[in-house]
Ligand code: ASP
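Take a look at this single chain, the form predicted alone, given in structure tokens.
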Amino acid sequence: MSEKISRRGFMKGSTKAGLAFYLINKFSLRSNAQEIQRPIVITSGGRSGLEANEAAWEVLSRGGSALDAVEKGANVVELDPENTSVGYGGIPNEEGVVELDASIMCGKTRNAGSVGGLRNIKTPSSAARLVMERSDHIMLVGEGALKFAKAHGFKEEDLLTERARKIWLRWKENLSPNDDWFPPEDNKYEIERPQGTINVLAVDTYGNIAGITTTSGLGFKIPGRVGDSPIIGAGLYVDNEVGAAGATGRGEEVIKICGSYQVVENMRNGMTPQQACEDVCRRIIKWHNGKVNFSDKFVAVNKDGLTGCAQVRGRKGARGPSYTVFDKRGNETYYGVTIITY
């Protein structure tokens, strides 16, 4: 599928030329706001996002619910052993154990569910939906989440793929020159600490909105660490009257600012999804006095199908953060705005 810049997404505005492009596209967003685009599904990520969109669109195009659509889309990525950011094949914690977090929220019912630190279940977003629909709780974690999933028929399975195991082992062998773990002589290098998350947000034909955020969390995390993804208002927030937003990146920073809730509230107060995402990124930067060595990314869609995406930090000269959108015009990759470059 070809990649392109759309009216929904912008290149970084760090140069004068980029700023001019940004302003031009801002006006395009305003005109596009009059054209309601639904059903629609928006997913963070590149290739995996396109694949998730295909599954979600299959539901939406038949008149299905946004809730069913986002679950189907998220499951595609969770079950992909080649994707090391979520579900089966996700990067493990520091002990080599995969622990998964996920949340789901339904705008129509204003209900939500989530799981944290869930082991041995490939599709945590589906387990989160059961928490929402089959209990009066919102979040279950650890052993309790696993027992709840098993009670509803989920099978325990080993989530550590050979690819993820090798990534973990490489990290462990290169962690310290003073321990007893040695890497091969030709493999002594620093490994970037991976993090990754998938947001799937949808508006169905009837205007109902739903969202999912799912992740394996920060790579090599302390066992039991839970980030923003399963926390409603941080990694995900949905309001049928406004829209939906999801977050990826350094979860601790998103939690501190209730990031996804802030994006939705910005839209409630008149901002476009793009403006809303950028504003929250700038708030995070301000809290750190402009000095950040991490990044967070937000994607959003409003009730009319207008979308937006922004990230806190990215490489100079690179395209902005990618996200994918499937509506009646097709399934495409777009690029948002990076606030700080390095």
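Being a predicted model, the structure only gives us computed values, none of them experimental. When you see a residue number, it is the position in the sequence shown, counting from 1.
Although it is not shown, the form predicted in complex with this ligand is what the next lines describe.
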In the predicted complex, segment of 76-84, 114-122, 157-165, 196-204 with a heavy atom within 4.5 Å of this ligand: 196-204
Residue 229 within 4.5 Å of this ligand in the predicted complex, heavy atoms: yes
Residue 251: touches this ligand in the predicted complex, heavy atom cutoff 4.5 angstroms: yes
Partner proximity in the predicted complex: residue 172 to this ligand, non-hydrogen atom cutoff 4.5 Å: no
Partner proximity in the predicted complex: residue 218 to this ligand, non-hydrogen atom cutoff 4.5 Å: yes
Neighbours of this ligand in the predicted complex among 302-336 [non-hydrogen atom within 4.5 angstroms]: none
